[in-house]
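Read the single chain below, which is given as structure tokens and is the form predicted alone.
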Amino acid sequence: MALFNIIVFPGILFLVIAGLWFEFVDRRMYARMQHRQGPPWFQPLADFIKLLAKETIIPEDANRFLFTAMPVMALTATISAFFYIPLWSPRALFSFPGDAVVVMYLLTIPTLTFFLAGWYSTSLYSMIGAVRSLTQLFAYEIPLFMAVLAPAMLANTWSLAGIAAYYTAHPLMALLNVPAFCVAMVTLLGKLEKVPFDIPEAETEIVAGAFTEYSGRHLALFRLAVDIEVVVAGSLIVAMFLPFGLALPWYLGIIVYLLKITLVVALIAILRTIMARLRIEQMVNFCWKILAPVALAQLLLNLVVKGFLKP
């Protein structure tokens, strides 16, 4: 049964299907809000298969080992993080005290692989995109960590299952974390490199950023890792800030979980539509001067509330 859970549901196969599906949802909603038709439902799968069938070209001066290993590492880290997140019940597939820190660490690895992939491609465009990815990481990671720390502090546990169980038992306490939820949603755009934080892969400036030299199956794995990261990061946001419906029967819980992930993807599409790309220094200033103080204020609020709740 454990092997079935890891490979099929809610494991790797489910993640691949969900990642491709929510890529379609994101692209379709983004297109409709721009008064375009958008792609058909099978377009992400068709793109993935097409890339697998294309020739894989490795630049002559690139570090061959790192060039080929980075897509696999990005995909592996993203999938591994998913197993520790509660989905439609307060229990995760695997859980231990402190797994929230491990999940945040695992979700940092894909950005680091983007940097290493671009840097060791030895292409000018790739290196510029790689440096921008790393710069963004230092900008959004601190506000994101503080936003995730706030509900964990109130629940008095670093276990995602424990956090979900606490807010399932005390649903009104989740309303205190609304500012942290807003910070997490905005920083999620930076982690996923979506507009207005798509600076590392700005097509009009540096072609495709760190992925400029990638093609064939390596590019397919990178794109799949990004699609899956949307599902995993969205599941983390849902588990931390929208822990509603976890006490329902499993079949209803799955439906509620999918609806909540759809809501997160819809919010991403809306934010992508109404905003334009920022410059890298604007993004850094915004994260440090606005998002970080809001996340810090949320931490202080939760500390005060926690102090009053102590017996």
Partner chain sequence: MGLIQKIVTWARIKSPWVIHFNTGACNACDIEVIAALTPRFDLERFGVQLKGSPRHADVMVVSGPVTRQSRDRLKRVYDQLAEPKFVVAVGTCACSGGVFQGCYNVEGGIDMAIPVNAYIPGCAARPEAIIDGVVKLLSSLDPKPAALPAPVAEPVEKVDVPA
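Keep in mind it's a predicted model, so treat the numbers as computed, not measured. Residue numbers count along the first chain shown, from 1.
Heads up, the form predicted together with the partner chain isn't pictured, but that's what we're talking about next.
Interface residue among Thr108, Thr168, Thr212, Ser95 relative to the partner chain in the predicted complex, by the heavy atom within 4.5 Å criterion: Thr212.
For the candidate set Ala174, Leu134, Leu75, Val207, a heavy atom within 4.5 Å of the partner chain in the predicted complex is found for exactly one residue, namely Val207.
Although the partner is absent from this view, Phe244 stays clear of the partner chain in the predicted complex, with no non-hydrogen atom inside 4.5 angstroms. The partner chain in the predicted complex comes within 4.5 Å of no heavy atom belonging to Gly253. Remark: Arg223 counts among the residues lining the partner chain in the predicted complex, judged by a heavy atom distance of 4.5 Å or less. For the chain shown alone, Leu248 is not a contact residue for the partner chain in the predicted complex, no non-hydrogen atom being within 4.5 angstroms. Contacts between 32 to 49 and the partner chain, taken as any heavy atom within 4.5 Å in the predicted complex, involve Gln34, Arg36, Gln37, Gly38, Pro39, Pro40, Phe42, Gln43, Ala46, Asp47, Ile49.
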